[in-house]
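Have a look below at one chain only, the form predicted on its own, in structure tokens format.
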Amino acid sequence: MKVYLKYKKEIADDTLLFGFDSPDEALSYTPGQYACLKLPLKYPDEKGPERYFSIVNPAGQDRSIEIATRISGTGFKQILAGMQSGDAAKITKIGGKFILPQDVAKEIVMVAGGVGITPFKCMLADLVLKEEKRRVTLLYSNKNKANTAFYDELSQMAPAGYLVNAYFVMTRDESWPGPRGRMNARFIADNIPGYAKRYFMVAGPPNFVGGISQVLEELGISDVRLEKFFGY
């Protein structure tokens, strides 16, 4: 389906949010799923004109879809970053199984690294839209606050009751007053009561997801869903 850029804005250092509208078809998806975006290539890109992005905005907003991504030097990303309001693109596929469990009583721990926050942002925004409160804890790792997309919105969700707790963990910011360094087994054991019985959802770059997966295995946590974000 054809979509048109409605707006774009910076949401963290080197990270942009893009909002598209579909004038002809409603967009149906489940929070946590991805959209495949196709652009007309103007610069060389060995991986071609299509990329997969987690959808950011909550479901039920009919013809609108948001994606967010770090901007890099690839041909695809340069075209995307240079798009102006009204420019056309195509959504060629919507899918994915990285979604909230149907069991609403299940206690969930969302673990995000960098732009891996995008599917969780969609899930949480959807819960807020529906005024549905579930037992969710967020662990969100970034280099520093400037790299932390959606910080203000996410930090308000625990006080509003949509998160049990939100931990913003900075790996390269010695001035950060909250938790610093990499999330390890000790960190999870100290901050997630009853962690062995929780359902862990992990999203981010492959190295981050692999590292967290090893930590969860070390802790004997088996109820885990992983989503790797490959750079391009």
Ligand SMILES: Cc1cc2nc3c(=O)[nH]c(=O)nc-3n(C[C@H](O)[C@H](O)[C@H](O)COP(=O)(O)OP(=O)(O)OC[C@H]3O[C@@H](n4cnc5c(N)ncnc54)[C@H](O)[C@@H]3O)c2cc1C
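Quick note: we count residues from 1 along the sequence shown, nothing fancier. Since this is a predicted model, take the numbers as computed values, not measurements.
We do not show the form predicted together with this ligand, though everything after this point is about it.
Flag K47 as yes or no: does it have a non-hydrogen atom within 4.5 angstroms of any non-hydrogen atom of this ligand in the predicted complex?
Flag for K47 set to yes.
Looking at the partner-bound form in the predicted complex, is K228 within 4.5 Å of this ligand by any heavy atom?
K228 belongs to the contact set for this ligand.
Counting only non-hydrogen atoms and a 4.5 angstroms cut-off, does K90 reach this ligand in the predicted complex?
Answer no; every heavy atom of K90 is more than 4.5 Å from this ligand in the predicted complex.
Distance check, S72 to this ligand in the predicted complex, heavy atom within 4.5 Å:
Yes.
So, R51, S54 and A68: all three within 4.5 Å of this ligand in the predicted complex by heavy atoms, or not?
Contact check passed for all of R51, S54 and A68.
Within 4.5 Å of this ligand in the predicted complex, counting heavy atoms only, one of 110-118, 82-90, 125-133, 153-161 shows up; tell me which.
The contacting stretch is 110-118.
Taking this ligand in the predicted complex, which residues of 197-215 have any heavy atom within 4.5 Å of it?
Contacting residue: only P205.
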